[in-house]
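Read the single chain below, which is given as structure tokens and is the form predicted on its own.
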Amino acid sequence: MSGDKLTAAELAASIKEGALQLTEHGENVSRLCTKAQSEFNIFINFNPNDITKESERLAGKVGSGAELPLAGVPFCLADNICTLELKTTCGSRMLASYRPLTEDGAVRRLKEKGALLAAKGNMDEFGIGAGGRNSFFGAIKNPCNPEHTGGSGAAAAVASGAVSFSLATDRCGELRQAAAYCGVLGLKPTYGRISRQGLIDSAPSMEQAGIIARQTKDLASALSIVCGADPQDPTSSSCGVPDFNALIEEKPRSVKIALPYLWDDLAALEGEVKDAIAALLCRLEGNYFSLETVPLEYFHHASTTAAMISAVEAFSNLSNYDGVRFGFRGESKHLHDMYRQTRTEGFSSNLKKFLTFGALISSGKYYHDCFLKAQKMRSLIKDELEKCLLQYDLLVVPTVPFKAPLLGSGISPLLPDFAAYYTAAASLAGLPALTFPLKDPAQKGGLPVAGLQLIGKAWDEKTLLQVSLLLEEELL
């Protein structure tokens, strides 16, 4: 029996019942990861022997009768999520040999429930952007078409079938963008739903962990375990720990959906993506769904606003990478030169541009003219979305305005950041958002056409997952 086609719950049940042997399953996961790495360069820290050893250890726990709802379920982590046994590089030369002294809170919970950590995923340096080519460890290829970007190793690992789900971070929508490029599901929960302890983030007021999976039920299984308050993270919330596995089985009676006016009036929006979204919206009308267009005055400012705020936060947050305490150190005879040489050699040119942008708009008159205005705009965007969602269950927009770009084209996190045009608003407001893959049924293989993004009320991941499961049953 092969476990790579089962849901996480089905796979764990097969292992606990003895229908699937954990050691054999571990060997299969190791083969799948090895193949995916050789073809798509999606991992940074990966050792086939580690998977085999961990599956043997888990086999002992399963035999002892321990409660392991995710027994043997393989998962991947973006390489800015800390683990004790593996290096955490953030896709940067600066941290190429760094081993953390702590482990991420969500990862601890997954391991306690029997999940099998397969590898650490390749990523753009420090999670800034989802271009898939700004990593010290090489470009990330899309399993759907290797000439195009996979966005992130975490998304590509799921799309390749090597793992059941991944954890990755979302700053301005990178998790959702990468998931859309690879044709898989991506969920950014409400800010505070998942512990941020153990994340190496660049923009702490926006960035958080989310989940990528091929099936909605796997999103629900993982979210049920990783969510909840963490005493080591003051930003985490004690707003209950629902059993999302049970909640998503309830079919929604009716779903009121809001669609922004002029959602399709964007220069970067590809015709194929626009047509696929419009066709789906027509299909949604009736049955469970009612659809209305709404005016959102500030939504289209979200990408620029998020870029400014996150650049300033990154400039501040990454200032401690100076070669003194940990990480890469540039050679120099004097301390000041050592700082400069370390950051010159340790950071990529793309990241240095982003940090320079953050330094500029946080200084002098630009602080008042740009950064403070961006913070005010953030409040306006948040208020606008929350008022809209008082009247509607969901807001829907495309996830990204284009299909996965060619690897050579690149995607800049600076202005204008068209990739984040639709995703940044949920990050600024701290609201949950889920991307659902849209594929052309007539097109066998090739790139996914688009992703449909669902933005929900704070703490209402249940509705996002219910609608995702409904779409999955209807469309896939």
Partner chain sequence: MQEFETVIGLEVHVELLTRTKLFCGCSTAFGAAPNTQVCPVCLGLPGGMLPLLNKTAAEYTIKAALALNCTVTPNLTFDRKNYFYADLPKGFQISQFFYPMGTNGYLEIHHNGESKKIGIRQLHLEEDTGKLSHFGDIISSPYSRVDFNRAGVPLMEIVSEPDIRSAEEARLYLQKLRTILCYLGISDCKMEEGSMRCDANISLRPVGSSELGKKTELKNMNSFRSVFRGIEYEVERQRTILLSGDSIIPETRHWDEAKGITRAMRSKFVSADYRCFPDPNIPPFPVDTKWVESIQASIPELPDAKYYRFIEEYGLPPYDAEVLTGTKELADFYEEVLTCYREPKTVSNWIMSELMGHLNAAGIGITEAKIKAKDLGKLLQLVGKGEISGKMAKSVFEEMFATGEDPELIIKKQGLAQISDEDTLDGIINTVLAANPQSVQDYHSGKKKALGFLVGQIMKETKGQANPQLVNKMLEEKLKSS
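Numbering follows the first chain given and starts at 1. Note that the structure is a prediction, hence the values are computed from the model and not measured.
There is also a form predicted in complex with its partner chain; it is not shown, and the following applies to it.
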| item | value |
| --- | --- |
| Heavy atom of Tyr321 within 4.5 Å of its partner chain in the predicted complex | yes |
| 4.5 Å heavy atom contact, Phe326 to its partner chain in the predicted complex | yes |
| Partner contact for Ser290 in the predicted complex: its partner chain, 4.5 angstroms, heavy atom | no |
| 4.5 Å heavy atom contact, Pro242 and its partner chain in the predicted complex | no |
| In the predicted complex, segment of 142-150, 167-175, 399-407, 92-100 with a heavy atom within 4.5 Å of its partner chain | 92-100 |
| Gly286, Pro234, Pro295, Gly138 - the one with a heavy atom within 4.5 Å of its partner chain in the predicted complex | Pro234 |
| Contacting member of Phe299, Tyr191, Trp263, Tyr392, with respect to its partner chain in the predicted complex [4.5 Å, heavy atom] | Tyr191 |
| Contact set, 325-352 vs its partner chain in the predicted complex - heavy atom within 4.5 angstroms | Arg325, Phe326, His334, Leu335, His336, Tyr339, Arg343 |
